[in-house]
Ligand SMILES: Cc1ncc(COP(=O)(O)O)c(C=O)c1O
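The chain that follows stands alone, in the form predicted on its own, written as structure tokens.
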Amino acid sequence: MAPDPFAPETIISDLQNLRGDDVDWRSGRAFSLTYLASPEAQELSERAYAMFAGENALNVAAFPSLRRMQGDVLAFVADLFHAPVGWAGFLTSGGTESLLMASYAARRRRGDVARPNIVLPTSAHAAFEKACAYFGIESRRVPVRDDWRADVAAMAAAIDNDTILLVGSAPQYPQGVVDPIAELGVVASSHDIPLHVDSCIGGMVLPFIEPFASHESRFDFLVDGVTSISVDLHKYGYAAKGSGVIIYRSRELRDHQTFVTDNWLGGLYGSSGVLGTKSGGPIASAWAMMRHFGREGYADLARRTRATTLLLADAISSIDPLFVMTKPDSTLICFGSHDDSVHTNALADALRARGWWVDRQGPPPTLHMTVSAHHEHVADRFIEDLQSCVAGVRSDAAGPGSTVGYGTVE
């Protein structure tokens, strides 16, 4: 008898089959898009998510459990960032929504400006371009310095009376370095312009590694000019996808993010971000991960991941003709090739054929790796395969290869 195509077991089997060509990220084969601390933590995250997947965080009055978890998560992150008395924040669906909301809040704060602009380095995340497109803001990109960090003097020169926001990254994604946030804070304060720090990919790492843990290099609310910070908990917080946080220095700044209307027949409607209905699953997952790891657990994960990052960066640099663009400040590696016969796209194709996934980016043409805790178990195997792939690509001289990027549209 043929299996019932509508039966749950058949559907689950079909879903398993659909995964056949997916990268095996649970075995540490992906240096992008996914984050894994341990199988135990992943199982806990998924169980917590499933428990609250059907609850709706649009109105937590109906679900006080979600209100409690949101408050606990926000307080944990605010403490990491040395948020002052009076801070306020919201949970988001991740970095893109956080950056959109920071831009939207800045836009509303200066509602008198007819042609607003945001001044930001060319390295700042692409989501700011989306924010500018959505909210009618000019994206005023400023070239970075030779070390890939924000050029503070050039950014200051780009400011005018219509500038509503400055942006710095900790770290920026493409090359993995932290912008000079303290210097940007001075500029922001002197012009009375909000400064948003995009720490979406670094916020759960930098507080635990040097020179940031000792405050020798400051990137958070210890810098007077910083008015908001974003962090993704579905990255190095190891929570389920859809878990992000934005923290503001004050409730007044945060209030510019909220949307409230009664201009319909359904009564008063309020929303903290882009989303209306929000599953309770990501909130429960983030809360569970913070309970599971705690501050010391996250510190251990960050230090181990940092050590693996440096090990990988050194090994990559030792493989001719590869080179690392710059020493990573956190857990991101960007590397290229000195030799046209080893094109980065062809190298990425060769690695994919061996089961590995790395991101392709540019300009200049480079490969990008996001290292997570679980990669310490596969680092040696990756380096062996990378060496073999370099030799194979050079031998084949097969051309540039495909150009699949970090985000794609199909």
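All residue numbers refer to positions in the sequence shown, first residue = 1. Computed from a prediction, not measured in an experiment: that's the story for all the values here.
What comes next is about the form predicted together with the ligand, which is not displayed.
Scanning Thr308, Ser139, Thr96, Thr163 against the ligand in the predicted bound form with a 4.5 Å heavy atom cut-off leaves one residue, Thr96.
Residue in contact with the ligand in the predicted bound form (any heavy atom within 4.5 Å), chosen from Trp148, Tyr104, Tyr173, Phe293: Tyr173. The closest heavy atom approach of Asp232 to the ligand in the predicted bound form falls within 4.5 Å. Taking non-hydrogen atoms only, Cys200 approaches the ligand to within 4.5 angstroms in the predicted bound form.
None of the heavy atoms of His256 is located within 4.5 Å of the ligand in the predicted bound form. The closest heavy atom approach of His125 to the ligand in the predicted bound form falls within 4.5 Å. Contact with the ligand in the predicted bound form, judged as any non-hydrogen atom within 4.5 angstroms, is confined among 205-213, 96-104, 313-321, 179-187 to 96-104.
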